[in-house]
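Single chain ahead, written as structure tokens, the form predicted alone.
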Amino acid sequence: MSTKIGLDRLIREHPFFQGMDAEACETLAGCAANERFNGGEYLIRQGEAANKFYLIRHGSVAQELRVPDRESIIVQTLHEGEILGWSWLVSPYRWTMDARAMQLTRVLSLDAECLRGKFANDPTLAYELFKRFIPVMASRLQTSRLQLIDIYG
């Protein structure tokens, strides 16, 4: 089995891409790579180029916000079946927080530059992906609002 076919299968099986047609998953597989992070390792760092997004296959990742003169605050913890990272969708394509593996974490990363190139040639693919990202973004913003209410309300 080729790597591309294996990545295509992993994309199709991830909840984020459930129901996406096989051809689109194959196209996305061309931008994908398997990665692993040990507990404590950072997947992303605030301020760095947002050049990927991640499908969490195993493990958990803490999204952390750096606060001057204090320890980082864990904003949210993501688990198997969730995605990490949408800053690659919004210019200037910089991460707005850190993300650290809480334990051994296996992910499928998708290269943002590769994806943006594919979107230019396939607006239907772009629409399919954006349609999946928007509910995730809305849910995460709602979670942040509720945390603020809990802290300041």
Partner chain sequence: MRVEGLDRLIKEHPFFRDMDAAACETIAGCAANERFNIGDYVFREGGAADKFYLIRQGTIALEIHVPGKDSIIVDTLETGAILGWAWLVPPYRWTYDARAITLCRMVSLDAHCLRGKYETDHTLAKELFKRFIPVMAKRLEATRQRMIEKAQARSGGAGKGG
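Numbering follows the first chain given and starts at 1. For clarity, every value in this text was computed on a predicted model and none was experimentally measured.
The discussion below concerns the form predicted together with the partner chain, not included here.
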| property | result |
| --- | --- |
| Options 124-132, 47-55, 106-114, 31-39; stretch whose heavy atom lies within 4.5 Å of the partner chain in the predicted complex | 124-132 |
| Any non-hydrogen atom of A22 within 4.5 angstroms of the partner chain in the predicted complex | no |
| Non-hydrogen atom contact Q18 with the partner chain in the predicted complex at 4.5 angstroms | no |
| Contact label in the predicted complex: T96 to the partner chain, heavy atom within 4.5 Å | yes |
| Contact test in the predicted complex: R9 vs the partner chain, heavy atoms, 4.5 Å | no |
| Heavy atom within 4.5 Å of the partner chain in the predicted complex - qualifying residues of 44-59 | none |
